[in-house]
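Take a look at this single chain, the form predicted on its own, given in structure tokens.
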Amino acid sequence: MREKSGIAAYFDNAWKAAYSTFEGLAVTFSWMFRRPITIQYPDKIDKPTQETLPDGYRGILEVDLDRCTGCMLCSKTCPIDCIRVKIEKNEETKERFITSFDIDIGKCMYCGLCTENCKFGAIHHSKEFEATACKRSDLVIHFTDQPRPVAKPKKDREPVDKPLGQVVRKKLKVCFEDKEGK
């Protein structure tokens, strides 16, 4: 195949530029006369978005500390280290306490490795996905306010499941209320 000379190549490039511009404008103009399909989220939606999400949806992580045994498998298997758990032991009573359980949702990549490795179902993904903040430090969710004893695994009965998203929804509202009050 022969290459075009300077003038022929110039006009060929000019034609391609004009044609692609016209093609793009044709698509744009075709939408000018159609009815808009924009939905005013969250004001004018039929039902809450969380109800439309599939069952396997991986939203913001939440922890049920009534089930957590302090094994720290979730923290160890997290590939980007977004889960921080601190366990302290009372030397007198030999009882262990969860002093800190923090999840940085700004770093979390929602891979689900922590939920798969939790043998007691203490950590799982909720269907919550709305978490905005002005500062990156506000994206860290603190699940413990004070030290609490770790759960003892019970073989005879399972702990009662809390509704999905209940724990993290309360924590997120606290974060938003704190920001609005400032």
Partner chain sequence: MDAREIYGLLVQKFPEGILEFKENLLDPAIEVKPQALIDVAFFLKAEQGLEFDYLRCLSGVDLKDQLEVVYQLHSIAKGHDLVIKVKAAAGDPVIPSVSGIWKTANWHEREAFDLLGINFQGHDDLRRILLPEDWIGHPLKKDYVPQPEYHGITPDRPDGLDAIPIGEGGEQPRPPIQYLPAMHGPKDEPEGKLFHLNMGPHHPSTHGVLNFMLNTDGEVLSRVVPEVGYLHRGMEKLAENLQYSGNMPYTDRIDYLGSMFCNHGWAMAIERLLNIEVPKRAEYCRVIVDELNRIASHLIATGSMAMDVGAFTPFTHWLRERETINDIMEMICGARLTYNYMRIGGVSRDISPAVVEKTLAWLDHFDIIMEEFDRLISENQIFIKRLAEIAVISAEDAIDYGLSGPNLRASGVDFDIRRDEPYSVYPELDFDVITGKAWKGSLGDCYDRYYCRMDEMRQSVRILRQALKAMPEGDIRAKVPKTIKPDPNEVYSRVESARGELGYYVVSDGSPKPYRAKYRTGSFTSMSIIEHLSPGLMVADLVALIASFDVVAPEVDR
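Positions refer to the first chain, counted from 1. All values reported here derive from a predicted model rather than from experimental measurement.
Another form exists, predicted together with its partner chain; not displayed. Remarks below refer to it.
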Exercise for the section: Consider Gln146 of the chain shown here, and say whether it contacts its partner chain in the model of the complex, taking contact as heavy atoms within 4.5 Å. Expected result: no
* 4.5 Å heavy atom contact, Asp102 to its partner chain in the model of the complex -> yes
* Asked: Does its partner chain get within 4.5 angstroms of any non-hydrogen atom of Ser137 in the model of the complex?
  -> yes
Non-hydrogen atom contact Glu116 with its partner chain in the model of the complex at 4.5 angstroms:
yes
Checked 70-108 against its partner chain in the model of the complex; residues with a heavy atom within 4.5 Å, sequence order, are Pro79, Ile80, Asp81, Cys82, Ile83, Arg84, Asp102, Asp104, Lys107
